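A lone chain, given as structure tokens: the form predicted alone.
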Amino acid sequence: MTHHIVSFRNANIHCYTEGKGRCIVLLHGFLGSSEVWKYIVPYLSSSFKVICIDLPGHGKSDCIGYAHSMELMADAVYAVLKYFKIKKCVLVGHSMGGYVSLAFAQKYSEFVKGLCLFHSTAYPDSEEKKKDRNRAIKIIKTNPKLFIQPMIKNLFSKKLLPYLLNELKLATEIAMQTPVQGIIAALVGMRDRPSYLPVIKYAPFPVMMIIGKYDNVLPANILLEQCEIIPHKTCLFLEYEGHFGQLENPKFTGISIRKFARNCFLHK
């Protein structure tokens, strides 16, 4: 594992790399960091060069402003790819990282060989969800812990949680280290993001959706419907997992992503 700092808009973006060969980029979700991929990376780095990026305001990356739009975060990913002189990659985005991946694919499609939406969606926030984001911002400004702890717990399947206390601890520790400015900037960016349905509907590259049956954030039935509009699709349905498959079942999801990435680089 090699750590790097990439300059972007007078800020520092942290990432780490492992492995050699064709490139897979892993983008974490809201309140996450590159560390959430630690159990999956070994299944990928044996065959690929893996780049795990801390998105702006998360992990060891700097905050850039009051709002971190998905397009701004996509530009940060582009800066990292330019730094490593990457011409083509497979993007894997978990939750918010999926939104960033979609924004990247919309803006820099020539770099994309494949896209994996890992518990993520191309739909924008509903009006009710936007109100939830605004309420969350108010709570974060007064008591971040009150918001963070129950939210992280809700990402795990209730059926699996008793067996994943170490993983819950890891995810909670990562989330608690996220600065308030970074949390608010991400909430604003997610709230105001557009629909990315055209990106997956007309994607010239393969798209994979990883869906958890017990996802408390994005209902499985809605994601399964969304999967149907993708021309070159792979749908991985997790029978027991929630919204955190890379921690709930890293071996199965890691091997599945590796297979998908191999197919992406073979796709014409």
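From a predicted model like this one, the values you see are computed outputs, not experimental measurements. All residue numbers refer to positions in the sequence shown, first residue = 1.
The form predicted together with ligand MLT exists for this protein as well; it is not shown, and the discussion that follows is about that form.
TODO: Select from the listed residues P56, G242, G29, P206 the one whose heavy atoms reach within 4.5 Å of ligand MLT in the predicted complex.
DONE: Of the candidates P56, G242, G29, P206, G29 is the one lying within 4.5 Å of ligand MLT in the predicted complex.
- [ ] Would you mind picking the one in M176, I137, M151, I86 that has a heavy atom within 4.5 Å of ligand MLT in the predicted complex?
- [x] Comparing distances to ligand MLT in the predicted complex, the residue within 4.5 Å is M151.
Open item on the list: At 4.5 Å by heavy atoms, is each residue in V112, I200 and H232 next to ligand MLT in the predicted complex?
Closed with: No, none of the three is in contact.
Open item on the list: How about S157 - does it come within 4.5 Å of ligand MLT in the predicted complex, if we only consider non-hydrogen atoms?
Closed with: No, S157 sits far enough from ligand MLT in the predicted complex that none of its heavy atoms falls within 4.5 Å.
- [ ] Considering only heavy atoms, tell me if M190 and ligand MLT come within 4.5 Å of each other in the predicted complex.
- [x] Answer yes; at least one heavy atom of M190 falls within 4.5 Å of ligand MLT in the predicted complex.
Task: Partner proximity in the predicted complex: A171 to ligand MLT, non-hydrogen atom cutoff 4.5 Å - done: Answer no; every heavy atom of A171 is more than 4.5 Å from ligand MLT in the predicted complex.
Task: Interface membership of M96, ligand MLT in the predicted complex, 4.5 Å heavy atom rule - done: Close contact exists here: in the predicted complex, M96 approaches ligand MLT to within 4.5 Å, heavy atoms only.
Open item on the list: Please pick out the stretch from 100 to 108, 70 to 78, 163 to 171, 126 to 134 that is in contact with ligand MLT in the predicted complex, where contact means heavy atoms within 4.5 Å.
Closed with: Every other range fails; the passing one is 126 to 134.
Open item on the list: Suppose contact means any heavy atom within 4.5 Å; which members of 199 to 222 contact ligand MLT in the predicted complex?
Closed with: Heavy-atom contacts to ligand MLT in the predicted complex: only V217.
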